[in-house]
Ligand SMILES: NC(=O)c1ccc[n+]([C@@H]2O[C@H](COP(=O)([O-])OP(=O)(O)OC[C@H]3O[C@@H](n4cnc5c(N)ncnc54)[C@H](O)[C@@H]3O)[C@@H](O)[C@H]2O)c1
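The chain below stands alone, shown as structure tokens; this is the form predicted on its own.
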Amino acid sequence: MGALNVGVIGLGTISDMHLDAYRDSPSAHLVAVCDIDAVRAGSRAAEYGAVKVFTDYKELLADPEIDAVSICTRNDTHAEIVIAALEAGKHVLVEKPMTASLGEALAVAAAAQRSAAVLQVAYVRRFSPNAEVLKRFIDAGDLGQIYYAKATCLRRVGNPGGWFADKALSGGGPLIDLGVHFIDICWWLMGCPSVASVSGTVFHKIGARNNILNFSRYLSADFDPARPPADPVEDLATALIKFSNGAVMHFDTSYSMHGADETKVQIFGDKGGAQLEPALEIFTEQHDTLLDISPVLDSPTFSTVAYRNEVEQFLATARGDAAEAAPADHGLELIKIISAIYESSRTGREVVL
């Protein structure tokens, strides 16, 4: 199979990463774009050279010339579009989270099992060079058994507003938006063990902080400070996740908090440990001496290279040239964890899975 004909559905900010990667890939022809905003769809088509423009995703999926799609729409639309795409025989790369709810995730996983097409969830941090290198060290046994992981993604003023800020549309706040990345990267590095139980808490203390001046931040394409969400998302989430093999993960994430912005990912094994973020370092010992190893990489931390790697992996899997890297089952497992954290916070109890 040669280069695939690709369409991108949903042309908000994150779609830029997909559009750029497809345009530059020798394995893809970016032939179609789709957005409910006809002006935006036409503008993106002209910018990226897509010859087909749609405002209805169903019309794009009905086009027999399109082999694969990226779905970059609002969280609450993922399940419907993914299932329709799989049923139409299209290979699918869907932005994280796979769905906005557990019920939808179960339906998507079932649809993926029924379909011969590939479904890849956009857990992009797996494809950054620093993560790929660390995974090779772990898989080779250099860190031994991984028994503990810690991840933090805290933003002082980070609520994007728009649909991101409305739980009915997003499924949640920083937990499902940012936390899904950091839970996933730890879980993946730990070898994807099955989850035993979850204890978590989410806080609604500060709000979106749209009053803050002179502070640059990412904003949703539909951000409107005059239209507050009907069902605001949480400010901060924290959780302890226990796995059936005895390993444990702790993480926290925020949109709004009084403190410094921080991103950090750490993995601990019985032969060595590692810090993935803010930059890759490996910690071990030899000959009764502590060693700090700093791998020499063009991108020692998470970078936009990851998006291109993610798309190339998707295209290779769709062609049958590579094994699945982030399948529907992984998307389902992450939604199970996130749903359990929200449930634990609501009930004040540990949730056993």
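On a predicted model such as this, the values are computed, not experimentally measured, just so you know. Just count from 1 along the sequence shown to find any residue number.
Not on display, but discussed next: the form predicted in complex with the ligand.
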Pick the stretch from 338-346, 6-14, 325-333, 19-27 whose residues have a heavy atom within 4.5 Å of the ligand in the model of the complex. 6-14
Given that the partner is absent here, does residue 90 sit within 4.5 Å of the ligand in the model of the complex, heavy atoms only? no
Decide whether residue 95 counts as a contact residue for the ligand in the model of the complex under a heavy atom distance cut-off of 4.5 Å. yes
Taking any heavy atom pair closer than or equal to 4.5 Å as contact, tell me whether residue 67 reaches the ligand in the model of the complex. no
Contact test in the model of the complex: residue 177 vs the ligand, heavy atoms, 4.5 Å: yes
Only hit among 40, 319, 52, 308 for heavy atom within 4.5 Å of the ligand in the model of the complex is 40
Within 4.5 Å, heavy atoms only, which of 131, 143, 81, 202 is in contact with the ligand in the model of the complex? 81
In the model of the complex, does every one of 159, 234 and 257 come within 4.5 Å of the ligand, counting any heavy atom? no
Residues in 116-130 with any heavy atom within 4.5 Å of the ligand in the model of the complex: 122, 124
